[in-house]
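There is one chain below, alone, in structure tokens, taken in the form predicted alone.
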């Protein structure tokens, strides 16, 4: 199987390395950052143009920032789709608006190219260790064929429905994550203002109903004042914009999403857009005049 992967950023690069480690040696890669491509070539991949990827690969995968980039790479004037063979497959691992996923799939279907939308959750640490969670939309038989490939990068690969269902599930995930991070920051702020050490609060409640993967991952970062990005605020803003657009389209009420989006936008406007999304704590620190855990 010849595989193409376009997009070797904070997530795509380690994901590509895990494909190689799993024994898929015919991996063709492309990225605007030449050093990222060179790093993958050193690991065993082949550098290729998008045209070469389209012409040579049985499956083309993308890991790009948002809908416009995916559309441009695949459907632009010199897009990859114009070079892909009939019967080949496109797997988009980017987190984009599910409406866009369906639009792309419809155009590809006219060329007899199947599509899976397969966004991931887990951030850079899980991209590195190959334990991402994949949420996949597309035909059952196409999913069955490529599940093993996705499992080289993820510990969980679940089909959620037809094309668009993967990104809809990802938007639900991003809503829950953002609201959870906000709740942790708010709770730790309350504890510290009331004279209780947030570290002790964390240790006391993490094993109970309030405990969560989000709190385990982001609580210690808040307490340490560590904003090194595993998932950037600006990317979460992008995801929640897609969630709000989708919600408005389908008529779903999302007041909590709107509220936490305002906090993230405030952080972006105050030079925190490249911080980890756990830096939601900085918003509460600004309001309360404290530094959580310090």
Ligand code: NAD
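As the structure is a computational prediction, the values presented were derived from the model and not from experiment. Numbering follows the first chain given and starts at 1.
There is another form of the same protein, the form predicted in complex with this ligand; it is not shown, and what comes next is about it.
Trainee: Exactly one stretch in 38-46, 243-251, 261-269, 57-65 has heavy atoms within 4.5 Å of this ligand in the predicted bound form; which is it?
Mentor: Contact criterion met by 57-65 only.
Trainee: Classify residue 101 as contacting or not contacting this ligand in the predicted bound form by the rule of any non-hydrogen atom within 4.5 angstroms, answering yes or no.
Mentor: Residue 101 lies outside the contact set for this ligand.
Trainee: I'd like to check something about residue 228: if you look in the predicted bound form, is any of its heavy atoms closer than or equal to 4.5 Å to a heavy atom of this ligand?
Mentor: Judged by the heavy-atom cut-off of 4.5 Å, residue 228 is well away from this ligand in the predicted bound form.
Trainee: Does residue 97 reach this ligand in the predicted bound form, with heavy atoms at most 4.5 Å apart?
Mentor: Residue 97 lies outside the contact set for this ligand.
Trainee: Given that the partner is absent here, does residue 6 sit within 4.5 Å of this ligand in the predicted bound form, heavy atoms only?
Mentor: Yes, residue 6 sits close enough to this ligand in the predicted bound form that at least one of its heavy atoms falls within 4.5 Å.
Trainee: Taking this ligand in the predicted bound form as the reference, which of 150, 120, 223, 177 has a non-hydrogen atom within 4.5 Å?
Mentor: Contact residue from the list: 120.
Trainee: Quick check on this chain: which one of 141, 197, 72, 216 has a heavy atom within 4.5 Å of this ligand in the predicted bound form?
Mentor: The residue in contact is 72.
Trainee: Along 180-212, which positions have a non-hydrogen atom within 4.5 Å of this ligand in the predicted bound form?
Mentor: The stretch 180-212, when checked against this ligand in the predicted bound form, contributes no residue at the 4.5 Å heavy-atom cut-off.
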